[in-house]
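Below, in structure tokens: the form predicted on its own, a single chain.
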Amino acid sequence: MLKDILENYENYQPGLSIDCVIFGFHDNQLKVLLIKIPHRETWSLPGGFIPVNQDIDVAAVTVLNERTGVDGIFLRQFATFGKVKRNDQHFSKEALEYLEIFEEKAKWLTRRFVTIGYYALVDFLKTIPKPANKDEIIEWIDHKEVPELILDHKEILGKALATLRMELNLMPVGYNLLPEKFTIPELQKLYETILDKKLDRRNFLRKITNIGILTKLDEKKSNVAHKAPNLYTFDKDKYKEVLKNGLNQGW
């Protein structure tokens, strides 16, 4: 894929790239989607370059789809990363030779790239990533067990997580991260996992109920050892309304 881009590098915006942080929730873990390419042992966020004929937000969707096969999700721009030496020595002489990249193409690739960070919350079970080629590996990895990442991708991931935690005070989450029917303890566990702290059960129930986005179902969770908790679902219309108008509370 990189070779294809470099064959037509004049069609891409010089010195500007995109990196995507994709979060999913599964087995009480907040997971992040990572890629490993064949000539490196380190992992990376899905990212790529910006076609000169595409708006940046459109290019973000294009980049994510080309790198992971994931499509149809809303990406939120959250920060720009542009330290002077953020990609200094990233492509070593050995790596360039391995990739068979030389002369003008190498100069284009090894210049300073400022990258725009996007993040998304997705339905883990419905988001099936596919590598761009057979040599790449794509995996969901627990955000607390992320291995070494290239460049400043750990910083980008950390900033995305900090942004997500801050925005929990401004908007509800859960619609893309939980199954259609869920319990209050499952919703609370989602918030606790993102915030990395314990929340008081009664206080959480009061706050989440007051937001008005939940519908209590006439059903209880099955196959549980103790007293079966009630099941809930999100009221989609009220959820969208709260997303539009925002929240003003803390957790």
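Keep in mind the model is a prediction, meaning the values are calculated, not measured. We number the residues from 1 along the sequence you see.
We do not show the form predicted together with a further copy of the same chain, though everything after this point is about it.
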How about Glu41 - does it come within 4.5 Å of a further copy of the same chain in the model of the complex, if we only consider non-hydrogen atoms? no
Going by a heavy atom distance of 4.5 Å, is Gly82 a contact of a further copy of the same chain in the model of the complex? yes
My question is simply whether Asp55 lines the interface with a further copy of the same chain in the model of the complex - judged by any non-hydrogen atom within 4.5 Å. yes
Would Ile37 count as touching a further copy of the same chain in the model of the complex under a 4.5 Å heavy atom rule? no
Among the candidate stretches 144-152, 125-133, 109-117, 176-184, which one is within 4.5 Å of a further copy of the same chain in the model of the complex when only heavy atoms are counted? 109-117
Are all three residues Leu16, Pro51 and Gln77 in contact with a further copy of the same chain in the model of the complex, where contact means a non-hydrogen atom within 4.5 Å? yes
Can you name the residues of 198-222 that have a heavy atom within 4.5 Å of a further copy of the same chain in the model of the complex? Leu199, Phe204, Lys207, Ile208, Ile211
